[in-house]
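For reference, the chain that follows is the form predicted alone, supplied as structure tokens.
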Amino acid sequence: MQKEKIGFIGLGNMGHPMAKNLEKAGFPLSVYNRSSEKTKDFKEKSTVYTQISDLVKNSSIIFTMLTDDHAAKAVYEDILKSDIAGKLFIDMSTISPQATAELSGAVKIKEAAFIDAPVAGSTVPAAEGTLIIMAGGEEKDLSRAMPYLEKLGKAVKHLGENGKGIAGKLSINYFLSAIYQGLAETILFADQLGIDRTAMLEIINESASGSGATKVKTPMLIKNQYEPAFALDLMLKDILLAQDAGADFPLSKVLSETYQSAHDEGFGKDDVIGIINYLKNQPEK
């Protein structure tokens, strides 16, 4: 198999380790990031571009990993100024279904291909290449992308046409937002009852209630330190996107109000499980 030239735009907390995995796999890689600081350790083995247009011109498959609708639309506005016919764009950002539809439509009009491929997993799985990738797009485009996606994740789930990948991502993050609020409330309740936090977390993780989500947050809860692997603000963004997409359930309002209030109280830059500090400070009713 001939290696295609890969471009990667967006080297944030997730994008940086993902691009590094493509570099380690030996693919011809070019990178771009709005702030050049994140590109420094790519200069030895990969090509660093300071203009998106140059990266697009010299790549046949372009990954994008961006923060939100605004960032994604700005980058693709720049991309669409170039001749992109025959190229494949793989957007791994978590953005709205509406934005995904706009971007995929605009790319296809210019005779290029588009896959929405957001991921389940935070910074550690991103570094280990063990993300779960949810893909929306045409089968032939996914086949073209698979040699590269397989270096980023342990599983690639093709959920259907464009838009289905982001639909899967909003669904799983809705569930995670409930898990993390529930876990935080449970730990605070156990604290109130005088149960050792480490012991309580062992019970949770070794019982039917344990999961990868609870286990990965356990060290943070024990140390009571919440350096962001996945920031609370990002979870709030995803909850609001899910609501806009039709998540209207008994928990929806509770989750959005809690995470929004935690953001308003200054906890947005902490890891998502740092919501425990917001909940701990709530006055008794």
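Don't overthink the numbering: it's just position in the shown sequence, from 1. All of these numbers come straight from a predicted model, not from anything done at the bench.
Keep in mind the form predicted in complex with a small molecule is missing from the figure; the text below concerns it.
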- Answer with yes or no whether T67 is in contact with the small molecule in the predicted complex, where contact means some heavy atom within 4.5 Å. yes
- Query: Would A74 sit within 4.5 Å of the small molecule in the predicted complex, counting heavy atoms only?
  - Reply: yes
- Task: Answer yes if any heavy atom of N13 is within 4.5 Å of a heavy atom of the small molecule in the predicted complex; otherwise answer no.
- Result: yes
- Message: Is G121 part of the interface with the small molecule in the predicted complex - any heavy atom within 4.5 Å?
- Response: yes
- Query: For the chain seen here without its partner, which of 204 to 212, 89 to 97, 136 to 144, 151 to 159 has a heavy atom within 4.5 Å of the small molecule in the predicted complex?
  - Reply: 89 to 97
- Check each of M220, V48, I61, L234 and return the one that places a heavy atom within 4.5 angstroms of the small molecule in the predicted complex. L234
